[in-house]
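Have a look below at one chain only, the form predicted alone, in structure tokens format.
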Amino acid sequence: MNNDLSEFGLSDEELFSHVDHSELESEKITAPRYSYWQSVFRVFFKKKINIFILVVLAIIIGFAYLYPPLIEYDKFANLLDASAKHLHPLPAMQKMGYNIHWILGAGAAGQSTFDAIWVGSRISISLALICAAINMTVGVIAGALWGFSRKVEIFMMELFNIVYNVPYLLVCAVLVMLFTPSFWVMVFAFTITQWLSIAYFIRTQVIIIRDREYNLASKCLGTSTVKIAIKNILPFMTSVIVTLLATEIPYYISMEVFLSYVGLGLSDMSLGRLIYEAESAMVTPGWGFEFWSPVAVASIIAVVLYVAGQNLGDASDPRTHM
């Protein structure tokens, strides 16, 4: 069979030139570079709603942490002025001045509701972040070892069966009543047992993937359980951990607000404390604005943190990087 190679427009030397063989070059794979976190953020920012959520979150964090140091907040500065108490935004600005401090009106002591909300937000957000950091760190590490080590399984399962069946809210309430309800007492109350539920969830996820081939191969090669858990299992669960974190931070803000609302919260000024102190204003005609303002801000903070975390968790799943 004769093949006409003239259609390629190449000379015989070009068609039949010698090609050197390189074992090193043959091992190289031509493929675009892949960065996991670059892919995560590419998928995350592909949705325009996430950019809006991050802008709202940046505004919230900015007001919570940068605004309070710039003002001199004094709750009792107008305490002796009866005409400055329980004011709606417009009457408050007409009396106190047209500025940002009075756009949410004045409270029961004549204080700026707007200033009080952001001073309280800093405490509530800080409490949630610290509790989430402690519980996630302890819970993820303990859960990884719990699911991978059968020796740890025996001890942790007994601990879980004993502790987790005690109502979590009851534990928090008892601890707060035994000690002064300060910031670090609340941190202790929110972290003493809550990490167990995170550890149990992580343990369940680890059990699903611990007996896969690459983990069995690592174990046969003598790799320690701790190293397999940290190097092989936890990176595989990044999206699960991020999604779990997304629920933890708003949860602690909600818990702090609830405990304060029932009189068991922080003695410091926080969102929960503001709502608790303004409880009577909710049912008083003309005063409801000072109650619903901190409720609305607390709800916005919780929702924004949850949605941002959930969307970041979805973007962390490698299956969305295609």
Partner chain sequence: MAKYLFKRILHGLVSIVIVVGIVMIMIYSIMDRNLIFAKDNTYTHQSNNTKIVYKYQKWEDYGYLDYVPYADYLLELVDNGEIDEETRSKAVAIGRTEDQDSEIVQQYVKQFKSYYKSQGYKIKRLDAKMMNPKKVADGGNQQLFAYKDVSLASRLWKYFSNIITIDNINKVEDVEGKRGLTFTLYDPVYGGEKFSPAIIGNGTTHKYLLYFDSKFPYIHQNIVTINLGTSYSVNFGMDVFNTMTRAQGSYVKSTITYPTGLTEESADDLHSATYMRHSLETSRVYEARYTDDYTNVDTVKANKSKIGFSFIIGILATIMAYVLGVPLGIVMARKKDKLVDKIGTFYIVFIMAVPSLAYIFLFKAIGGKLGLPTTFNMESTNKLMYVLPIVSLALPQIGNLMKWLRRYMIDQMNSDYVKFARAGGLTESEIFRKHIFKNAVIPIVQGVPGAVLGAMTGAIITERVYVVPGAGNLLTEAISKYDNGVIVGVTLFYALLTVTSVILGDVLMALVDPRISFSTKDR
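Since this is a predicted model, take the numbers as computed values, not measurements. Positions refer to the first chain, counted from 1.
Another form exists, predicted in complex with the partner chain; not displayed. Remarks below refer to it.
Taking L90, I207, I230, I162 one by one, only a single residue has any non-hydrogen atom within 4.5 Å of the partner chain in the predicted complex, and it is I162. Between the partner chain and the residues E158, D211, D74, D81, the one pair within 4.5 Å by heavy atoms in the predicted complex involves E158. Although the partner is absent here, I51 sits far enough away that none of its heavy atoms falls within 4.5 Å of the partner chain in the predicted complex. Shown alone here, V262 lies within 4.5 Å of the partner chain in the predicted complex, counting heavy atoms only. None of the heavy atoms of S39 is located within 4.5 Å of the partner chain in the predicted complex. Shown alone here, L266 lies farther than 4.5 Å from the partner chain in the predicted complex, counting heavy atoms only. With respect to the partner chain in the predicted complex, the three residues A58, A133 and M186 uniformly fall beyond 4.5 angstroms at the level of their nearest heavy atom. For the partner-free chain shown, I162, Y164, N165, V166, P167, L169, L170, V171, A173, V174, M177, L178 of 160-197 come within 4.5 angstroms of the partner chain in the predicted complex, judged by any non-hydrogen atom.
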